[in-house]
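Single chain ahead, by itself, as structure tokens, in the form predicted on its own.
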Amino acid sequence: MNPEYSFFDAVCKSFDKAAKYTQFDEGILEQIKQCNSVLRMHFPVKIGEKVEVIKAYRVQHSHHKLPCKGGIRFSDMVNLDEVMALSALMTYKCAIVNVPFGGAKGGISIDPKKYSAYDLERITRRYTSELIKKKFIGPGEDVPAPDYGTGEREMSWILDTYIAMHPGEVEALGCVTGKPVTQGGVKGRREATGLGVFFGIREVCNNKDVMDRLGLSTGIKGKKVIVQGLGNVGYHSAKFFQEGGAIIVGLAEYEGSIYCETGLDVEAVFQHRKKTGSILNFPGATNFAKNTDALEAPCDILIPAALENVINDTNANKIQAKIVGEAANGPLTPDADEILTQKGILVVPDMYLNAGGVTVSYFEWLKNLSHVSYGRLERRFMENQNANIVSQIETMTGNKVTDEQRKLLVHGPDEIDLVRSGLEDTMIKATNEILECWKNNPSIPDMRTAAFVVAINKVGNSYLELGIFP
């Protein structure tokens, strides 16, 4: 792979490839493509007896809708190019799944494993105060979320810092999403990205035209799946694929990868790794020499769910999967994209496939603004109504349902039911919209380009409707 590779340039290249299939003026296209606001900061934090200068970023890609939305990652690999690229992908992602946010992204250039929880809290709180000073955070301005290296803990620190600096602000809970449920979070957020990946791929596999083109049967059941990465996204993706009837034949992590043609039990592998510190030497599985070898093993569906650029011009020709689902952000380089397309492999693009996180973050933000949890107003009413219906049917038919059947029929939706239902509907609609765009424009070469066309049309129309351009 080219050492001068630019992630943001790669996103722009995909954008330009799709732009010719739209009808917008070059100026509008340029406005959509560029990052609106870039905040690059250095701030001192005392770590032990020394003062460290921390490098951090927050990029707001688009203001066509507010607030902006995007995660914050902690990694020593964080740089401005990466944050700009990820913020752009957030804009297009939100547009595709009809979440009314502009795209944003943030990052702190540290290795979180090298710091204590106390030091990470100090760094996170200082970063938040810098965002507040520059108005790069707020429920109506810019709403961060977890990303690589961050989670509920970091989001609660951000929330507490924001509330401390905005006493009495009634919408303060909406300044960040991915929070613990006790701090205004929403049930189902933790597994949302992985579940969204499953819903998206499942809908692709249910499309007969696409499956016929790939020489596969419709449906998820029986499909052989390899997942790279056993973090939050990879673990939940693998888990939901297994529950959906797919066979998980390979798993990869940074310490190595394993393969078993008859299938791996995801939870058992996860527990094995917790106990031994590695997925290697799992009973019944074969170890691969390198962790990247799993990417090249035979399967129907490959899910790269780790970092970017793992499939590039050096290994793309060796990929044997029929479908590559980008659960991570930017796991394929543009060169790899071209190679896989020429091989007839379907790439389901990251820009919508991993939108489960931002979709459920949107639900969390709405919950925070409404100050009421999902299901609280209607759950008991629905249960009482359903119970009355069941009783009436029993009286009319003279038959009694079992306790298990009654429990299933009477059940009223609680928060996690409604969140998952909303996510499923979102991913099904987005998948079909992209596939329909592709079908109606036969000259569009691949699904990624079709997804960009859908996104550009929605963002471009938003700018026109705002009246910014005469």
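Sequential numbering from 1, following the sequence displayed. This structure is a prediction, so every number in the text was calculated from the model and none was measured.
We do not show the form predicted together with a small molecule, though everything after this point is about it.
Asks: The small molecule is absent from this chain, but in the predicted complex, do K322, V348 and D446 each have a non-hydrogen atom within 4.5 Å of it?
Replies: Negative, none of the three is within 4.5 Å.
Asks: Hey, of 115 to 123, 285 to 293, 308 to 316, 354 to 362, which bit sits against the small molecule in the predicted complex at 4.5 Å between non-hydrogen atoms?
Replies: Single hit among the candidates: 354 to 362.
Asks: Tell me, out of R189, R202, K223, H236, which residue has a non-hydrogen atom within 4.5 angstroms of the small molecule in the predicted complex.
Replies: Selected option: R189.
Asks: With the small molecule left out of view, choose which of G184, G194, G71, G330 has a non-hydrogen atom within 4.5 angstroms of it in the predicted complex.
Replies: Partner contact (heavy atom, 4.5 Å) among the options: G71.
Asks: Does at least one non-hydrogen atom of G149 fall within 4.5 angstroms of the small molecule in the predicted complex?
Replies: Flag for G149 set to no.
Asks: Does any heavy atom of M90 come within 4.5 Å of a heavy atom of the small molecule in the predicted complex?
Replies: M90: yes, in contact with the small molecule in the predicted complex.
Asks: Is the gap between A145 and the small molecule in the predicted complex 4.5 Å or less for some heavy atom pair?
Replies: Yes, contact at 4.5 Å.
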